[in-house]
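What follows is one chain in structure tokens, specifically the form predicted on its own.
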């Protein structure tokens, strides 16, 4: 069937802004249901054969993650009374290509657990935060988690700490790496349990795609064979095959227009050469990510919506959550070769929820990884961690040993929602299109710090139990300065006064506008949010299709 091509001045059923973890799913589900769909993506459509083991391009010159070098500057400050400073690179990290960051993520997929959705009621309020329950339960989302397993393509096995699931994984878990074996043995010594990490990466051929080739260029890189289960290889091809979905790349959205009745009518955007276009639509799905979606709502202000679209609550852009982290690196007498294959193969969830007796809120998981994402150039640039040498023969000898004889035990933890942690428009700095740059204001809550420190201490115990001969440990004790998990900025809720979208990701203020991405998360989870973003997208699409067929959109 020929791919769709729709005139901009004729109404399509849906415009989907963004083709990432959520947008790709929305496009596939809506077009498969028979609706006409236009997807606007500001980056290129990269196929598996386009990806390279080009460490310099991907990590230094913004090959996938655009920042100031590509005309997309960002600013950062700790507190709202401070002037935000221009930051080299991008405090808010995300890819610009079909599939979004799902094309280059590490593929670690954890479901949230039942406690995540009701934790505020169970634990009680936390002063100074917007910590509340979700408007949905795990049981409501579970069928859509399972849909992610089988339609996106996951590898794993049910572990001892897994929440209830209605079906197993379609592919077996990834084979263990030496770093995972070290973590598993160390955990056993301490009375904890490490089990196979679930991955959105195929361990064997599935749905016409090949299994992982264990190249080692995984975290931050696109998969050259298509084994990584991005929406670019799982959802977008199916959407286009319906003949109802048109994918437009190199298209940067400038605003969403509304009519006198307060309904969305069209999406205005620039083509790559600067030509301005406007696609008319019956409804819009905003899936640009937890930062760009908020910015676009602000940029779409009007006399009817002076504070930005869907922002009567004042919550757009607020409650930004990154997930916390900690790192303990260890040097071993024997080679570990943790740089090989996928990022990590074992995870510990014994501390998914920290006992309240410790006096702070938090929880998370610990996994085993290589230093510097297993990348040779990055390892060379940060060489001398254990040897102390920065040049000469001592540096070279130390680097040779550190690249092959080290691994890290990393904590992935909770991040509390605060109004003071937010994404807004910078009043001075502009991007290449003349739009206000994204301005991030962020300082961790004291419980975030306590949780990161707790996980660092547990990882130190694990590293000692694993037999490391030297170790270093750290966490962001001065506060995180950015992240790639962009959560909470268009939060879901039942009350329009305190949330942006309802339990089905529909804007409270605008009946034909949906926000479906990490911004809708109410709490941060424990460190790997993409699977939940995808499950919410499948759920939102299911209800949107039903509502559209009833004529309610």
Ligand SMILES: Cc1cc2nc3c(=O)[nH]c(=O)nc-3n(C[C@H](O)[C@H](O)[C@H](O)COP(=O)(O)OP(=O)(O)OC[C@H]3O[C@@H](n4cnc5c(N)ncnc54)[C@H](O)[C@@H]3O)c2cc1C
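The model shown is predicted, which means the values in this text are computed figures rather than measured ones. Residue numbers count along the first chain shown, from 1.
The next section is about a form of this same protein that is not shown, the form predicted together with this ligand.
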item: Proximity to this ligand in the model of the complex (heavy atom, within 4.5 Å), stretch among 284 to 292, 311 to 319, 472 to 480, 345 to 353; value: 284 to 292
item: The unique member of 219, 401, 129, 207 whose heavy atoms fall within 4.5 Å of this ligand in the model of the complex; value: 219
item: Residue (of 298, 76, 94, 305) lying close to this ligand in the model of the complex, criterion heavy atoms within 4.5 Å; value: 94
item: In the model of the complex, residue 102 touching this ligand (heavy atom, 4.5 Å); value: yes
item: This ligand contact in the model of the complex: residue 106, any heavy atom under 4.5 Å; value: yes
item: Interface membership of residue 152, this ligand in the model of the complex, 4.5 Å heavy atom rule; value: no
item: Proximity of residue 59 to this ligand in the model of the complex, heavy atoms at 4.5 Å; value: no
item: Heavy atom contacts to this ligand in the model of the complex at 4.5 Å, residues of 486 to 519 in sequence order; value: 517, 518
